[in-house]
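Coming up is one lone chain in structure tokens, specifically the form predicted on its own.
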Amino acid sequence: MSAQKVLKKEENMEKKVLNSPKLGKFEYTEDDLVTMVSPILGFNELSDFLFISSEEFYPFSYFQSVQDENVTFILADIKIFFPDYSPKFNKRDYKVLQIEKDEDMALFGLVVVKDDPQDATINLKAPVVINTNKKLAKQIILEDDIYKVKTPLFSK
């Protein structure tokens, strides 16, 4: 693709506005979307999300639905909190996510923050796997029982 065609494509990108109750108002384009190849449990109707990260709230990120502005998940880079985390995925998951090499893959856990942030939990049983190159994602439910849905994020 020539540089001229790339520029023309960017000019044609329609900017959309999302007004999230949690994150405020911001613009995005179709290129910014991460598409769920299968839905997050309990959110079957939602497939398109914005992955929002910043040094300001690292190692946490937001996963904002563009189909329902009221749905915002908090994600955490699992390896930051659990360096030994090494789930086994089946070949079908790699195929569905079009992951060709491990560098294409990022692992995140859904975080639940209660009244006291020190009681926050992370879901290690069903991580959200994102193919960072293709912008495809899937919540993968692990068959291995060593990982729990509500794992304390912080030790007390």
Partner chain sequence: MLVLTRKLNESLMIGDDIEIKIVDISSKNVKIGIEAPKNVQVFRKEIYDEIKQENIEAINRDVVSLIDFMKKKK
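Not measured: the values here are computed from a predicted model. Positions refer to the first chain, counted from 1.
The form predicted together with the partner chain is left out here; the points below concern that form.
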query: Proximity to the partner chain in the predicted bound form, single hit among Leu33, Ala120, Ala106, Ile99 (heavy atom within 4.5 Å); finding: Ala120
query: Contact of Tyr85 with the partner chain in the predicted bound form (heavy atom, 4.5 Å); finding: no
query: Close approach of Ile40 to the partner chain in the predicted bound form, 4.5 Å, heavy atom; finding: yes
query: 4.5 angstroms heavy atom contact with the partner chain in the predicted bound form for Ile141; finding: yes
query: 4.5 Å heavy atom contact, Phe26 to the partner chain in the predicted bound form; finding: no
query: Heavy atom within 4.5 Å of the partner chain in the predicted bound form - qualifying residues of 67-88; finding: Asn70, Val71, Thr72, Phe73, Ile74, Phe81
